[in-house]
Structures are given as C-alpha cells and as structure tokens.
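Okay, here we've got a single chain as structure tokens, the form predicted on its own, with questions on binding and movement later.
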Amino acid sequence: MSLNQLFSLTRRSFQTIQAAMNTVGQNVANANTEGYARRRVTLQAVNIRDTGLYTALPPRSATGMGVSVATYERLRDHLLDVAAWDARASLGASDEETRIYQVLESLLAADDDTGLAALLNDFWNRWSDLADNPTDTGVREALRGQAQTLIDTFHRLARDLDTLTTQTTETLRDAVDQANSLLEELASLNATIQAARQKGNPDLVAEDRRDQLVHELAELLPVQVHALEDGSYQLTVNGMALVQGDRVMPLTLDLSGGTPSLTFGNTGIAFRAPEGQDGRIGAQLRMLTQTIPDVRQRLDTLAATLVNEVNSRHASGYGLDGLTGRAFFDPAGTTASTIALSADVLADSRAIAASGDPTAPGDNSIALQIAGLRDALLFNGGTETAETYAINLAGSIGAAAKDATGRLERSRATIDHLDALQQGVMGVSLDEELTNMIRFQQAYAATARVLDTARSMMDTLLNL
C-alpha cells in the first residue's frame, strides 16, 4: 500500500466514523420523539478492488482500504408492529363502545329515583291512591302530576337519544374524514419511500412517519398491513385494498338516509368487520345502526303499550263530570318523544275516569283495573310487566357497558404489553448511545493518529 492509499484509507475512515456519529446524534436527539425508531449503521471493510483503483499488489500484501457504511437500518419488528396494529382496532372499538354505553347507562339509571322503573312504580301507586279515593280532587291532581313526570322522562330520554345520535354521527363523520386523510398521506409516503429505495438511499424519516400514521389509522379501522418488496405498504380492510402504492380508495359515508352507511369508495360494498375488532369507526357505525335504535325502539314499545293499555280501560270509565269515552293519554302520541296527556285530562283532572258506573261517582272499578296493570305481563311475549321491562332495558345496557369496559381494560393491557416489546426493539437507549459515542470517538482519535503518522512518513520521504 502506498502512502497515498493510506491517506485515502484515513479519509474514508473519517467519513464513515462521522456517519456513525451522526446516527448516534440522530438517535439521541429523537430519544423522546413519538414513533421514532432508532437507527443503526452497519459498517463494512473496503477491499481495494471495490474502490476502482488499479494497482499491482505484491504477494501476501494487505488489500484493505479502510471502512465504509454498508447500510442504514431502522430497528423495528414488523411482526410486533402487525400485532400492535391489530390490537389497536380492538382498543378503538371497545373504547368507543364503553363511552357510548356509559352514556346510555347514565340516561336509563335503573337504580335512580328518577329512572323509568321508579316513575312507573309511582304512576301505578297514584292509580291505587285514586282507587282508594276516587272523588278526591287532590289525589287526581297528584295522579296527573305523576303522569306528566313520567311523560317528561320519556321526552327527556328521547331528546337525550337524539343528542347522542347526533354527537355520535358527528364523531363518525370526523373519524371517516380523519381516516381518509390518513389514507391519502400514507399513499403519498408510499410513493416517497418507493422512490427513495429505488435510488438506493432509504428515506427513514418517511418510513417512521408512515408507521406512525398506520398506528393512528389502526385505532380507527381494522386495517391489515402488508409490507411489499418495493418498500411500500398495502393496506386492506376485510379484503378491500384501501391503499396500494400511491393509489387510494377512500371510505364513503352516506348520512342521507335514516341510518348511516359506510362503503368502500364508489364500489357500493358495505364496510364489514368482526364486532369488537372493527375500530372506532366500526363501533360508532354499529352503535348508530343497532344499539341506539334498539334502545329507542324499546322505549317506544314501552310508551305505546302504556298508552294503549291505559287508554283502552280509561275510555270505558266515567269522570267526576259523568262523561265517558275519553282517553287518559293522547292516542296520537305512541312514542317516547310524542307521548302526552289527553287534552281532556290536561284541562281538568275531573275528566280522569275512575268509575265504571255513571251513577256512582264513588265507584273505583276503572281505577282498580288501571292500577292492576302494574302486574300485567304485557311485554316480551307475556313475560314481563312494564316495570320489569324498564328494569331489564336498563340492566341490559348496564351489562353491555360492563362487558365493554372489561374488553377495554383487556385491550389496554395487550397494547401496553406490545408497546413495551416494541420499545425494547425500536426505543432509544441513551446508555447504549453514549457507549457507541465513546467507541466512535476513540476510533476517530485513532484514525487521526494514523493520519498523523502517515504525514510524518511523507515528510521523511520528502526530506531525503
């Protein structure tokens, strides 16, 4: 090896060590950056033939020309990434379910004095009071007031369900917009990453950014990630490719009908995913199309049955004014949002029919019949009374809320475990980086000594 080659060797060593030190500095600087995967530089010895120099080497001579950078790597475990992204869909779904079920549970509140079951019990009690005192106007006023309280509660629940539906719909719209925005950015990053790799210089920052976006997207959608050989990701949901290279098929949300529908692009194919693993968007869609409408339907059934059963008996009775054929509830209002007292009862509590005999105002036969509805098995195929129906409605929501909370806790535990494993692979250890820094610093100093020695040798030759 000539002295010139020795100078070349040290120059290459300085460049390589500087590249390694830059990597250490990048790792240290991003130790707290979310989504950053630590870098590693792989070094390789350089053969003189790899430098393009032509030289006639004597036998048994060394042929090395120093060191160079073989590769820059991001340290990530793709299997762990895939497992974490899958788990995030469950986390997003259970988190959204828990939030909505807890709202429904607080609305229905079976163990509250203002809950439907308690108010129904008080309503039947007022009818029993009227049966005991059929001519007492104070008891009639109390009955009318209790009925109005029950009606107001139906109305409040209907309004609250409307509000919950509106808020969840807005949340769903925002989530779909966010998902589509992420899909667009992911496709753009795919193109950037592909181009960089084709040039032989991977864009590690873009790859970090893409993994972080997938991380965010996975909580919204049950997305499957397939890493392709060209460095790009293919993202699919239930077999439908949402991102392929730089092409995107966005989700289409239709809110024009009574219930929202979500399809893949303009294919007309509906979004489908296993329940509980369908991400925030899937959970929101499920709540809007199944859970909330089901609660509303059950409330409407309770209101309609109450109106029809009370009215059918009330119409055959007589008020204190001797008139008959009047309704207690407005027959036109048979839903939770429209149930109301009849105009006759609203105008005068004397119109409340307690008697079955127009000549006997003190008769209480009709009031007894209506009070007896407390024990009538009118719901679910003759298995439940109105009160137990209301209790079971609230109880089913409470049980669903408890199940959702349990799933949320399990999902969080899984995510925490996977995150810890991921950090073990991709996280920056400052102790390790400090060790590398010292190692490269010493290599740099040693290379400088080699250069200084080479310079002395050159001076010696020039002074001959």
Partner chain sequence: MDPLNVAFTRQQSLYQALAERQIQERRLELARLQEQMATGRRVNRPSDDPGAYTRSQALRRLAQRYDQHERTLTIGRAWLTATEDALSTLVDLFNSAYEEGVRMATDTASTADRATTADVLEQRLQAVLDQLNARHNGEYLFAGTRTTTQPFQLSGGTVVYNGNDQTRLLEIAPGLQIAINLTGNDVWEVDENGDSVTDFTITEAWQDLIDALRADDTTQIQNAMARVEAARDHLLDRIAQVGETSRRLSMAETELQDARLRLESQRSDLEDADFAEIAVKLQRNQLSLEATLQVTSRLLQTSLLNYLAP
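Small disclaimer: the values here were computed from a predicted structure and weren't measured. Positions refer to the first chain, counted from 1.
Keep in mind that the form predicted together with its partner chain is missing from the display, and what follows is about it.
Colleague: Counting only heavy atoms and a 4.5 Å cut-off, does its partner chain in the model of the complex sit next to every one of H215, G406 and N463?
Modeller: Negative, none of the three is within 4.5 Å.
Colleague: So which of R88, H314, R280, R126 reaches within 4.5 angstroms of its partner chain in the model of the complex, heavy atom to heavy atom?
Modeller: Looking at R88, H314, R280, R126 one by one, just R126 meets the 4.5 Å heavy-atom criterion.
Colleague: Which one, P134, G92, P222, G319, lies within 4.5 Å of its partner chain in the model of the complex by heavy atoms?
Modeller: Exactly one residue meets the criterion: P134.
Colleague: Which single stretch, out of 351 to 359, 147 to 155, 296 to 304, 249 to 257, brings residue heavy atoms within 4.5 Å of its partner chain in the model of the complex?
Modeller: It is 351 to 359 that comes within 4.5 Å of the partner.
Colleague: Within 4.5 Å, heavy atoms only: does A401 come near its partner chain in the model of the complex?
Modeller: Output for A401 is yes: heavy atoms within 4.5 Å of its partner chain.
Colleague: With a cut-off of 4.5 Å between heavy atoms, is E141 one of the residues that contacts its partner chain in the model of the complex?
Modeller: Outside the cut-off, so no.
Colleague: Would you classify V428 as touching its partner chain in the model of the complex, given a 4.5 Å non-hydrogen atom cut-off?
Modeller: Output for V428 is yes: heavy atoms within 4.5 Å of its partner chain.
Colleague: Taking heavy atoms only, is N364 within 4.5 angstroms of its partner chain in the model of the complex?
Modeller: It does: once its partner chain is placed as it appears in the model of the complex, N364 has a heavy atom within 4.5 Å of it.
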